[in-house]
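Two versions of one and the same chain are coming, encoded as structure tokens; call them structure 1 and structure 2.
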Structure 1
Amino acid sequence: MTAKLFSPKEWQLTLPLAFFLHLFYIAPLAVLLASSFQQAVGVPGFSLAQYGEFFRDSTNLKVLTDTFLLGLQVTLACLFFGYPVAYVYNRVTGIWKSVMTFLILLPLLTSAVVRTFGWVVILGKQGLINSALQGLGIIPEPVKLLFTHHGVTIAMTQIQLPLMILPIVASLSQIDSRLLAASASLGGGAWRTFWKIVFPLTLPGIISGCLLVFAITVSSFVTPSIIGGGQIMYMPTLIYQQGVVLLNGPFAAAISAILLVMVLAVVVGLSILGQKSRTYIR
């Protein structure tokens, strides 16, 4: 006897959510994309002038490149620091697991604005990093970290780190401990077991974490604006400048569409990589 997945009444329960998503997400996105094809503000008709203006300006291309590099660097840094934390979290027990849970989730419980201003204090010329380096005699004078691309990368890495750790923790928790015992019984050392069993099985979590971190990083406005101090321009800042300050709605919409395409390209690429990783695991 074959059971139906959804009865007609159950399917109708999804209508309010579908209506909500179309009204407050799909419709505004369609309006945004339509606006990006306008010749100018208030001028009807189809035109690629806004996109042409964006790609003809080398400054805009630099902003696009810097935004992509920021997302890539923050994603790799979060993976580099987050994977060991997730691995240790999966192995500890008792009170230490509770402590690590609190420390991992703590950044998510604090406003991004508060965390960002905390990094302003840390990265300043008289901040904790420069004071520590000077105190140890590593540098003779303060290094400029605030209002630089490197400063934004450091701050964004700390802010986005939980979004990388949590998916990896979920993947690690699903690994059958019998696989590790079987590897050890067959003579596999700790590193060989990690690279041949543990790491491949956590690839879905790694890819999910990379998707989250990259997408949120390249679309962040508050932290890059405060840490960058207006001296470094990224795509969200450029969108704000064109749409709110200069009131150039069609150009701001075109920039938003380009940012959306960049994020979707990375999402599709990582999704394909995820599919291949699942095939490899099987």
Structure 2
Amino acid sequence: MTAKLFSPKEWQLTLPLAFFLHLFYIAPLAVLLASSFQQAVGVPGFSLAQYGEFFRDSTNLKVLTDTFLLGLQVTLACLFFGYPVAYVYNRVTGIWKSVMTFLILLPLLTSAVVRTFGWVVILGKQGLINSALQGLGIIPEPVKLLFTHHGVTIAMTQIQLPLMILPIVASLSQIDSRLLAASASLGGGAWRTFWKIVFPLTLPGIISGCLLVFAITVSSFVTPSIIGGGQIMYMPTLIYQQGVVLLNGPFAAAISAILLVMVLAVVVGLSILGQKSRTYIR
């Protein structure tokens, strides 16, 4: 009874935030979308000129495919390197668990500029990798790692790794350990138990990890702009170049809209898969 008396007022508590987000988030995105249909800066009216310009130029198309490729490679690499970390995290106990928590969370919470800076020191001409390989006599000349797509992929994988590990840890911890015992007592070996039981049961965690890593990778600016230098462009660096450096607002808006559509398509697709995998487990 009392809860009913209380609730008609309670829902109104959400109004300030809803109002704030509509005014400063939804409206700006709508304005952005509208400005992408301008013919040129300051010319009102509806035109697909900006989109036409984007898709006509093969350089822009390469930026689009490079960005998608980067997202895909980083996501798969994070899954490959992150899953075992999550698996081991659920096995260790005591002080090692605290140590692992610290090692996983510190990079997550450290500033992206700082982490990228670390990779500049590692990948640079006089950096860790080149010094080590030259010192061992494996290579005579420094290898070019900075300002390459591979360099960006390596750095981004390390930077996004915690975002893949955390949802998988959550999924793994929900697995009923009796299932594993049952599998072992029925003669299922370690690999078979893993692929037939553990891996499928963690699909929800894997999917939400992939969703986060992909969305954030294709949207990130700092690491691609520093590690990629001016030589390799991705969608966010192109938006910055067009919008801030060249002051071509409508074109930058059109590129933003294309990036938004790409992210939304992947996010919605993976979310549907995630829902399916959750019902499949139950």
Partner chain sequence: MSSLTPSLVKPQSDSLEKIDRLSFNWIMWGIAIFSLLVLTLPTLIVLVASLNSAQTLRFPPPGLSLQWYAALFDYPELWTAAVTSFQTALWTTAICVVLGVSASIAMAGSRARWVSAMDALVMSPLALPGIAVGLGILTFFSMIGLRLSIITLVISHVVICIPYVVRTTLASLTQLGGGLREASTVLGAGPVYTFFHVTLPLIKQGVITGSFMAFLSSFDNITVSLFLSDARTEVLPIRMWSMIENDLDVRAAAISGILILITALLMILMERLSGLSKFLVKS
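Each form is matched to the other, and the largest set of C-alpha atoms that superpose within 1.5 Å is called the rigid core. Numbers follow structure 1, counted from its first residue as 1. Computed from a predicted model, the values in this text were never measured in an experiment.
**Student:** Between the first and the second structure, which is the form predicted together with the partner chain?
**Tutor:** Looking at both copies of the chain, structure 2 is the one that matches the description.
**Student:** Take the rigid core as the frame of reference and indicate whether the C-alpha of L17 shifts by 2 Å or more between structures 1 and 2.
**Tutor:** Yes.
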